[in-house]
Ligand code: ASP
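In structure tokens, the next block holds one chain alone, the form predicted alone.
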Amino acid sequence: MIKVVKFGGSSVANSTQFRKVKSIIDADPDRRFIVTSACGKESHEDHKITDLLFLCEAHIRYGVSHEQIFGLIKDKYYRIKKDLGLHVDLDKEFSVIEKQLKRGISIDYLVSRGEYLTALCLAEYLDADFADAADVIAFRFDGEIDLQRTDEKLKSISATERKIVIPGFYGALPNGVIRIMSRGGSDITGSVIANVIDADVYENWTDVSGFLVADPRIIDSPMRIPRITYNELRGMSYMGANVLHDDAVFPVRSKNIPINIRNTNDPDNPGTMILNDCSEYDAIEPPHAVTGITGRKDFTVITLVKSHSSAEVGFLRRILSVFEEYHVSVESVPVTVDTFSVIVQTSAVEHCVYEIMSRLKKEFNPDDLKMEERLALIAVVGRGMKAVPGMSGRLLSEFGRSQINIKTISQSSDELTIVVGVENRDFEKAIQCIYDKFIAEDSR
């Protein structure tokens, strides 16, 4: 078995966390490919190395001294080196970076040094080989990752059975120029490595023990989700549950490689396993009807009523084209007879909502046109819901008992997701009542 393991910034924040990482790696010889983020925060008052590097670049760009900030970065790595008794030549590494700073440096190169330095330290501490991501992760000139070239590069450096540590978050263009990914990109690096080596499992180690059923800021000690499908994960992450970078899913999903979300600070916790198909496990331990509850506040709904419009071909397309002209992404389109509601993020239409209303009024001459703000959308996700007769009815009844007014409701045809719109002020109350009824009560 081959496992790719990725450690987030909190997992390598200081020497104490490095020791936890070593214990995790030593506990399982299958953990051969190790991807690391840059050092994260040690405390609330601390700063992520990546944030400090971005700040350095901003200071340089505006002609402000960056030396104090860069000094904080150096202090962090020198402290880790001393605490762990490492021999890595940080003087040399920082000298190279500082020379680049003086004569002009690309932001991608500068910001990538956080992962680079962390991986150098971690490789020595784990007695593993270090492989620079610039020599492994191959970008095309269009910014997309070239999996075939990445596969060729990785095979050329992984012929031995030794462990390999690879920095996350960056790679190189065909001309050798460093290219970084979006924030959280180390998740993508791990996923790409898992894809090209056909890993059996991709372990993503962070500071949470997998996915929780609901936001712990709303629900006190919510249950952990032991297993979740990729489709359920997509439904939850789209509506705000962010543990894993969205783009990290596709490279492993395409090869049906499971992702295991684990907690570096609680390594015995099995975390959450993400799979294409959970049916084999569900047959042994049936899941709750509801896998997860998530959502977001601050949506705006624009509702247009026009007699006999439901029979008119292309009417909905014409409505949506108005939003497209203003480059506004549409979240949901609840439709009933001659009534069309368009739900969008309030922030997306703040600058143009009255222009959109004016266009709709002029274009369609509706019987009624209204706008309502301060709407929250709550997604109730669960592969087990289709096995529960009247699930939507039970949900509506529960909201009624809790005196929560439902503004909109929609359900996917695969019965995987029900999205309910409520007023912002009822958001937390609605999530609590769903959790109490369909998770806490079902667990008794």
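What you are looking at is a predicted structure, and each value in this text was computed from that prediction instead of being measured. Position 1 is the first residue in the sequence shown; the rest follow in order.
There is another form of the same protein, the form predicted together with aspartic acid; it is not shown, and what comes next is about it.
- Within this chain, residue 291 is remote from the site of aspartic acid in the model of the complex, having no heavy atom within 4.5 Å.
- Within this chain, residue 79 is remote from the site of aspartic acid in the model of the complex, having no heavy atom within 4.5 Å.
- Taking the partner from the other structure, aspartic acid in the model of the complex has a heavy atom within 4.5 Å of a heavy atom of residue 48.
- Residue contact check for residue 169: one or more of its heavy atoms lie within 4.5 Å of aspartic acid in the model of the complex.
- Checked against aspartic acid in the model of the complex, the candidates 226, 184, 334, 258 yield a single residue with a heavy atom inside 4.5 Å, and that residue is 184.
- Think of it this way: in the model of the complex, aspartic acid has a heavy atom of just one of 34, 381, 38, 377 within 4.5 Å, and the residue is 38.
- With the partner left out here, aspartic acid still marks one of 413 to 421, 382 to 390, 48 to 56, 395 to 403 in the model of the complex; by a 4.5 Å heavy atom cut-off that stretch is 48 to 56.
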